[in-house]
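Below you will find one chain, with nothing else, as structure tokens; this is the form predicted alone, and questions on how it binds or moves follow later.
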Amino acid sequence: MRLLLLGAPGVGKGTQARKLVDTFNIPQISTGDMLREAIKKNSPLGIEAKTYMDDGRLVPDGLIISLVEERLKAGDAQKGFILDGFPRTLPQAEALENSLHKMQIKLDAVIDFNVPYKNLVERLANRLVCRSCGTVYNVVTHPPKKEKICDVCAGEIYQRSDDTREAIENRLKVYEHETAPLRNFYKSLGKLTYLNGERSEEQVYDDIMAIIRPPKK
């Protein structure tokens, strides 16, 4: 199963990706994870990426694509993978398609999570995250059982410094500006499916499964 999850910050991609990882036993792949892993391994691409990051510069698309290709060739990705948060721009999407074509693999689905702007701001402003395992909570709708303690791993729960309303609104505007052409790109390839991200966690998961494993007629 090879999936690409699209959606603005706060739509619930990460939560659903973790569920899909458990279901299919395939890796969740994000650019942040790839960069950290490549740098940790001190690989040639990791060393090159670190020079940009140490200087506070953005890692070029070409290098990111090379990291993606390297990651998708790893043993744990041979049965499938979940791309989360990548690609973010049209040039990245086009380069990814070229890379997948060279590797003779195809995406099974591109799923775009949809939540109204106002609701996203509220979700993110009330979001809490576990420092250890990354489990996401919400002060209003899904608080931890014990204050500041993760239900899953007992790690520390905190609010991200960029989850202020001003920062949230800016991130959402940047995301929408970057991603609108990307949606059209995957729609033109016949791979894009829209998903209502406002439903419950369980309902959203069931909707994803219906997309990737439609009932037989």
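Keep in mind that this is a model prediction, so the values were computed, not measured. Residues carry their position along the shown sequence, with the first being 1. We call the rigid core the largest set of C-alpha positions that still match within 1.5 Å between the two forms.
Another form, the form predicted in complex with a small molecule, is not on view; read the next lines as being about it.
**Student:** Quick one: from Arg160, Lys41, Arg165, Lys148, grab the residue that has a heavy atom within 4.5 Å of the small molecule in the predicted complex.
**Tutor:** Of the candidates Arg160, Lys41, Arg165, Lys148, Arg160 is the one lying within 4.5 Å of the small molecule in the predicted complex.
**Student:** Using a 4.5 Å heavy atom cut-off, which stretch among 93-101, 106-114, 79-87, 140-148 contacts the small molecule in the predicted complex?
**Tutor:** Heavy-atom contact with the partner occurs in 79-87.
**Student:** Do Ile26 and the small molecule come within 4.5 Å of each other in the predicted complex, heavy atoms counted?
**Tutor:** No, Ile26 stays farther than 4.5 Å from the small molecule in the predicted complex.
**Student:** Within a 4.5 Å heavy atom cut-off, is Met53 in contact with the small molecule in the predicted complex?
**Tutor:** Judged by the heavy-atom cut-off of 4.5 Å, Met53 is in contact with the small molecule in the predicted complex.
**Student:** Does the small molecule come within 4.5 Å of any heavy atom of Leu192 in the predicted complex?
**Tutor:** No, no contact at 4.5 Å.
**Student:** Can you tell me whether Arg36 touches the small molecule? I mean in the predicted complex, with a 4.5 angstroms heavy atom cut-off.
**Tutor:** Residue-level check for Arg36: yes, a contact with the small molecule.
**Student:** Relative to the superposed rigid core, does Ser66 relocate between the shown form and the other one - that is, does its Cα move 2 Å or more?
**Tutor:** Ser66: C-alpha displaced by 2 Å or more between the shown form and the other one.
**Student:** After the core is matched up, is the C-alpha of Leu35 off by 2 Å or more between the shown form and the other one?
**Tutor:** Yes, the C-alpha position differs by at least 2 Å between the shown form and the other one.
**Student:** Relative to what we see here, could you say if Leu6 and Lys50 have their Cα atoms closer or farther apart in the predicted complex, with a change of 3 Å or more?
**Tutor:** Pair moves closer in the predicted complex.
**Student:** Quick one: with a 3 Å or larger change, is the Ala93 to Gly56 CA distance smaller or larger in the predicted complex? Answer closer or farther.
**Tutor:** Nearer in the predicted complex, by 3 Å or more.
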